[in-house]
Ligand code: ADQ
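Just one chain is shown here, as C-alpha cells, and it is the form predicted alone.
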C-alpha cells in the first residue's frame, strides 16, 4: 500500500476513463470494451488501473463506461466491492446523456457530462486515469507533488527516446522549472530533448491530477469551445499550459513498495494486438520485466471457484507439460506440450497438441494433435483435432482469422474454426 501522505486529509475522488472502443485491438474488442479485455490469464485490463488507485489509498472511485460495457460493468460490480461502512466504493457509471442527447464526445466531455459525481462527492482533488495500460503507480506521490506545486493540473509522464516522440503526446518542460509544462505537443516531428537528458522526451501517460474546482471550470469552458475535440490531452491540458497552470510528474520518481530495479518504471500501452501480445510474452519470460509477484502492491481481481490447474499423462510423446508459461486455475493440460504461452481459466488442451508463443483466453478447447503458433485465441473457441493455427497465414486468412503485419494470428470470441 501507499505510504502515508502529509496531505492525507485532502479528499480525493478517482475517475477511471473506461469508455474506450479499442479499434486497434479488434477482434478482441468486437464484443467488449477495451478495459474489459482479459490480461495475464486471470485479470482484465481495468484491474491494473483500479489496483493502482486502491493501493494508492483512494477508495472512492467511479468508472465511466460507454462502449459495449456489459462485461466491464459485470466484472467491476462483482469484483470491486468495497466496504461501505466508511463511505468507500467503486462504481461504474454509464453514459447517461445528462446534458443533451449526445453520448460522450471525448474524455473531457465524459467528465463534463458526469460533473454531478464531482458535485456529490465534493473532493478537493480529482485523480483521472485511463484503463488500458500495464504498469504500477503510486498516485499518492503524484497528488503530493500536485498540491505542493499549486498547479491546476499535473500530468504523469514517462521518459521515452526522442526518436519515438512522434508516437506520443510530448511534454516540453520549462527551462527554469522542470516540474512545469512549457508546451504540450501531439506527436511532434521536431521534439526537444529534456534539459537533463537531451536524448529523451517526456511522454504523457494519460494520467492526471486536478484540483477539483480547476477541473470543473476547464471542462465547462471546453464544452462550448469551437473546434475542440473535448479530449483531456488534446484540449484540457493545453488550456492549462496556456495559463501557466500545468505541472508534470516524472514517472521515474515514483517508488512502489516491493519493486525491483528491473520492473521499476515499467509502462506499456496495450492498445494494439502487437503490444498486447508482447506484454504477455514479457510475462512468461524467465525474468519478466513486469512482475506479477509483487505482493506488496498486489493486482486485485475476481477469483472464481475453479480447481487448480492439472497436468496429466507422462509417457512417450504423450506428456502433459507447460514450460515458461502462465497457467490459470481450471486449466487441464492432458498429454499436450505448452511453451511460452498464457492459458486462461478453463482452457483444456488434449493429447499430442502443441502450443507455442500463444495466448488462450477463457474456455478455449484444443483437440488432439492441434498445433498453435504465435496466436491469440479469444474465449470459448474450439480448435478441432489436427487443426493448425499460426503456421500458414494464407490459410488463416482464408478461414476468416485476423493476421497482423507481424504475423500474429487472432481468432475472435466464439468464432467457428475449421481445419
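These figures come from a predicted structure and were not determined experimentally. Just so we're on the same page, rigid core means the largest C-alpha set that superposes within 1.5 Å between forms. Residue numbers count along the first chain shown, from 1.
The discussion below concerns the form predicted together with the named molecule, not included here.
- The site is open: after superposition of the local C-alphas, no atom of the named molecule, taken in the predicted complex, comes within 2.4 Å of this form's backbone or C-beta atoms.
- Heavy atoms within 4.5 Å of the named molecule in the predicted complex map, among the stretches 383-391, 59-67, 354-362, 369-377, onto 59-67 alone.
- Contact with the named molecule in the predicted complex, defined as a heavy atom within 4.5 Å, holds for exactly one of 14, 17, 25, 410, namely 17.
- Though the named molecule is absent from this view, in the predicted complex it lies within 4.5 Å of a heavy atom of just one residue from 297, 267, 339, 311, which is 267.
- Contact check for residue 252: no non-hydrogen atom falls within 4.5 Å of the named molecule in the predicted complex.
- Taking the partner from elsewhere, residue 94 is found to have every heavy atom lying beyond 4.5 Å of the named molecule in the predicted complex.
- Although the partner is absent from this view, residue 218 stays clear of the named molecule in the predicted complex, with no non-hydrogen atom inside 4.5 angstroms.
- Though the partner is left out of this view, residue 136 does not reach within 4.5 Å of the named molecule in the predicted complex, counting heavy atoms only.
- The partner is not shown here, but in the predicted complex the stretch 126-147 reaches within 4.5 angstroms of the named molecule through a heavy atom at 130, 131, 132, 133.
- Residue 201 shows a C-alpha shift of 2 Å or greater between this form and the one not shown [criterion: core-superposed Cα displacement of 2 Å].
- Relative to the superposed core, residue 271 undergoes a Cα shift smaller than 2 Å between this form and the one not shown.
- Put the two forms on the same core and the Cα of residue 187 is off by 2 Å or more between this form and the one not shown.
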